[in-house]
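The data below hold one chain only, encoded as structure tokens and taken in the form predicted alone.
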């Protein structure tokens, strides 16, 4: 199968600023199997980019390369001008790369407020004081309350995680990511496994995330993708097939044939 690899230039974005994330020619092979082939793209500040493709296209591989779970054979990636690939996974988080996971990983015995409080305290340098009552750090508490408002969880702040429906737990995980003030946020199927009514709340919350955060959404729900994304990146067999606006991707014959399941 032939693919058209996108190799964007390093020129500033339309607003005259450098891309917040610049990926160039990322490659990775497992033996004879190439799982990432010369992947290149830029991400501007505040951009909303959806990453789609068939199963096995390389979406999770790309996310794992960016977050440090996997190490590429070659290529480069910079975040805010810093060499992302030279950083350890926890350093990438501190540099401004946040992510959510398909399966939540939360402190289930703690309340919603306490989960977010831990993350905010770490970011604000108050983690060494966690033995003190939470209300002793009014600045941390105010930031927690701000994040809870963003992710629509203020009404369940005092509830233990274990008592929440799964959709609300996904919102807590989103709040944890926001608590670390990411420049780029990777959302890995935020609506996966959630009942329809809860999924609508998650989708509305994703739509309302702060405008200054650049977001890459990995998602199979095409309704969510086409509602959320300003641009869509299509991966096939570990390579970039197309990048374009939702209208351009929906009208592309090759994308229709390979992924959307229709043809001209």
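Positions refer to the first chain, counted from 1. No experiment lies behind these values; they were computed from the predicted model shown.
The same protein also exists as the form predicted in complex with a small molecule; that form is not shown, yet it is the one meant from here on.
Asker: Report the stretch among 194 to 202, 209 to 217, 222 to 230, 52 to 60 that approaches the small molecule in the model of the complex to within 4.5 Å, counting heavy atoms only.
Answerer: Single hit among the candidates: 52 to 60.
Asker: To verify the annotation, which of these, 122, 189, 143, 114, has a non-hydrogen atom within 4.5 Å of the small molecule in the model of the complex?
Answerer: Only one option qualifies, and that one is 189.
Asker: Is there a heavy atom of residue 27 no more than 4.5 Å from a heavy atom of the small molecule in the model of the complex?
Answerer: No, no contact at 4.5 Å.
Asker: Can you work out whether residue 35 and the small molecule are in contact in the model of the complex, taking contact to mean some heavy atom pair no more than 4.5 Å apart?
Answerer: Yes, residue 35 sits close enough to the small molecule in the model of the complex that at least one of its heavy atoms falls within 4.5 Å.
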